[in-house]
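Below you'll find only one chain, the form predicted on its own, shown as structure tokens.
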């Protein structure tokens, strides 16, 4: 993105202030920072999502311009990040200084002692601006081991053009005796999904909903929003026993599996990109999707539904609980870095108030600071050629962060996802019953815990 001279001047001033603050408060003992920052090069790994590309293409060059510290940004996929970081840490390799981590890896790598504590990288007053849940999932055993970069809770998307269509509203009233509105309960949503499935709107045959369902981690991430909203807890309090066979977990999984029948063809292979494409093409009525993804449906170059998608919090389960599954990414510093002080400064600078807004404004995920949700630079933006607010999702995202729940937060979570994903895939394909699949997942996970 090209920036005006005035914007550049403002950004330079911000960088100077942020760096002065970081210099004053950062004091890490690990690693050996070079005394002349002009000679320092930081090697980093980020996810190739928009929050990674905005760092690589815009913020890293700006940081070098202002400080002389060069920041190399390597973009690699989620699973590849985990594999590479685990290998580097096993060898105490100092090749990389900073890693963009999925938050569920914080317990794993924190337990291993591989990450630099960052509690002193930001002041207590500044820390109070971060969303509490974003800080919680960046913390292990009382130490802040990552600075939150982006959050995006799972929310329910619905096509407002479809929901406001007079003919559709009349047909729904005739079919159900209810007014058509964004659903507030799982039962209301299920009725709408069944009603919409197979209907035609704007020349497109609809599926009732879509969500990530691919084996690996996609189906687990969608299932968790059902599980949490049905008061299913996958583990006991201290993560010593898998508890997937409880009545609440069975009930949640039965509803999830039943609703899978109303997803598009090939749904068992659906990833985030598949859900986004279906929303852009207008071939689905609703979706469970990350809040941040709304930006892609507002891109006129790739979307036929610009300005149409709205979001609400996850519908309530049978006991009144609404809890979307949380996705979030953090910025962590390697204990084995030879430039720890400089790496910590850069990580803290990336998430100053100004840069939190800057990243969001440039598509880099939803903000991690509470103040960003009322910043006019975001709240007053409209879509080009459309009067819809570009960040119309932010009030719902902020509300969802009060009830969203993280994945089971313990060092073996990545293995747990793989174990559960296999069984969820078999359930959704009709190869196993809900009870059998969850019992098998319990058995496999309890074996893992015993080892």
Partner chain sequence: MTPGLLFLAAVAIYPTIYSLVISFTRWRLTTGGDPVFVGFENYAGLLADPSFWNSVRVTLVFVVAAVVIEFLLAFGLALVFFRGLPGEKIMRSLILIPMLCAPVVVGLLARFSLEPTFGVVNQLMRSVGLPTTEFLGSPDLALPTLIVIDVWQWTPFLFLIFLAAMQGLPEEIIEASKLDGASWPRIIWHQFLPLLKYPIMVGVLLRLIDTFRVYDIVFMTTRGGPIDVTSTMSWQIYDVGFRSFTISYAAAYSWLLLLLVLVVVNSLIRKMVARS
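Positions refer to the first chain, counted from 1. Given the structure is predicted, the values throughout are model-derived calculations rather than measurements.
Heads up, the form predicted in complex with the partner chain isn't pictured, but that's what we're talking about next.
Listed residues 90, 237, 167, 175 were compared with the partner chain in the predicted complex; 90 is the one with a heavy atom within 4.5 Å. With the partner omitted from this view, the residue of 361, 184, 72, 268 that lies near the partner chain in the predicted complex is 268 [heavy atom within 4.5 Å].
Using a 4.5 Å cutoff between non-hydrogen atoms, residue 370 does not count as a contact of the partner chain in the predicted complex. Although the partner is absent here, residue 111 sits close enough that one of its heavy atoms falls within 4.5 Å of the partner chain in the predicted complex. Contact check for residue 426: a non-hydrogen atom falls within 4.5 Å of the partner chain in the predicted complex.
Using a 4.5 Å cutoff between non-hydrogen atoms, residue 141 does not count as a contact of the partner chain in the predicted complex. Residues with any non-hydrogen atom within 4.5 angstroms of the partner chain in the predicted complex fall in just one of 209-217, 184-192, 238-246, 222-230: 209-217.
Using a 4.5 Å cut-off on any heavy atom, the residues of 66-83 that reach the partner chain in the predicted complex are, in sequence order, 79, 82, 83.
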